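We begin with a single chain expressed as structure tokens, specifically the form predicted alone.
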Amino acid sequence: MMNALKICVFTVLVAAFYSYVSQMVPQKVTYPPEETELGADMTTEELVVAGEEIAGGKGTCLTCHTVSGDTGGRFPDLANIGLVAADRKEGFSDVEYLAESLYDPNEYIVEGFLPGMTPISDPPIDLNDEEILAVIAYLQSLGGVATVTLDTELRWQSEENSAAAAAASQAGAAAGPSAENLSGEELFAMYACGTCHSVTEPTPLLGPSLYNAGNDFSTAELYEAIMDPDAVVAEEFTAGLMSAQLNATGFYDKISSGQLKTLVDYLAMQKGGS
């Protein structure tokens, strides 16, 4: 009983300490990825360009996937995905395969890789149906020929998805720019990450230290550690603890794609105090 009480008190003190530090240290403003405007009369070629911007920005696709032809990465390379998409899953066209890979990415896993990708129509990425069509057009163009337009209908599209995207957009506008312009350090404090992880000391707390996160993990691994914390858990830590905490606090509903990128960039800069 006394040990549990001590842990509880320690957790509260650590959270309070990081909140204090976040207020005392001068902050750098970091802006989220810019929105890509999509017009109803866009051609397929224009959609490809827009899709590339979304994939590298709001969609965060190119954080975990390369487009270089290198097949030795942690996640599948996309260099020729437009060429091979139609042959990946029996009975699926290239558009259907790419759509499922975005809306329901764990339904089909490329051999040699593990599941873990978050549906990009869900928080925190929250791409709407039109943005996903643009990404599909871009992916088709990688080794293949883009054919989709904004009129292309996909069975994964839903009124709920479009409504949720619109609601998220309105919520972001209502919150004002200050919610998105928080620095990585401020986000780390706001979401109480310091309760379980230290970025100032190599000593672990309830979770592993992030003091040297930039050297220990790639950007893709940092994204995975946040979005799917049970994918890789060191033996000395408890599986399910971080995911339970994040789900219980509504983290995945609150954080935006811009904030997520800012937080990951902040962690990637943690290199042992250097």
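Treat the numbers as computed from the prediction; the structure is a model and nothing was measured. All residue numbers are counted from 1 along the displayed sequence. Superpose the two forms; the largest set of C-alphas matching within 1.5 Å is the rigid core.
The next section is about a form of this same protein that is not shown, the form predicted in complex with ligand HEC.
- Against ligand HEC in the model of the complex, the set Y97, I109 and L139 is in full contact: each member has a heavy atom within 4.5 Å.
- By the criterion of a heavy atom within 4.5 Å, P76 is counted among the residues contacting ligand HEC in the model of the complex.
- Heavy atoms of L38 never reach within 4.5 Å of ligand HEC in the model of the complex, leaving it off the interface.
- Contact annotation: V135 falls within 4.5 Å of ligand HEC in the model of the complex, judged by heavy atom distances.
- At a distance threshold of 4.5 angstroms between non-hydrogen atoms, L210 is in contact with ligand HEC in the model of the complex.
- The partner is not shown here, but in the model of the complex the stretch 194-233 reaches within 4.5 angstroms of ligand HEC through a heavy atom at T195, C196, H197, L206, G207, P208, L210, F217, L222, A225, I226, P229, D230, V232, V233.
- Relative to the superposed core, S243 undergoes a C-alpha shift of no less than 2 Å between the shown form and the other one.
- Fitting the two forms on the rigid core leaves the C-alpha of S121 displaced by under 2 angstroms between the shown form and the other one.
- Core-superposed comparison between the shown form and the other one: the CA of G144 stays below a 2 Å shift.
- Relative to the shown form, the CA atoms of E111 and Y223 are pushed 3 Å or more farther apart in the model of the complex.
- Shown here is a form in which the CA atoms of E107 and T219 lie at least 3 Å closer together than they do in the model of the complex.
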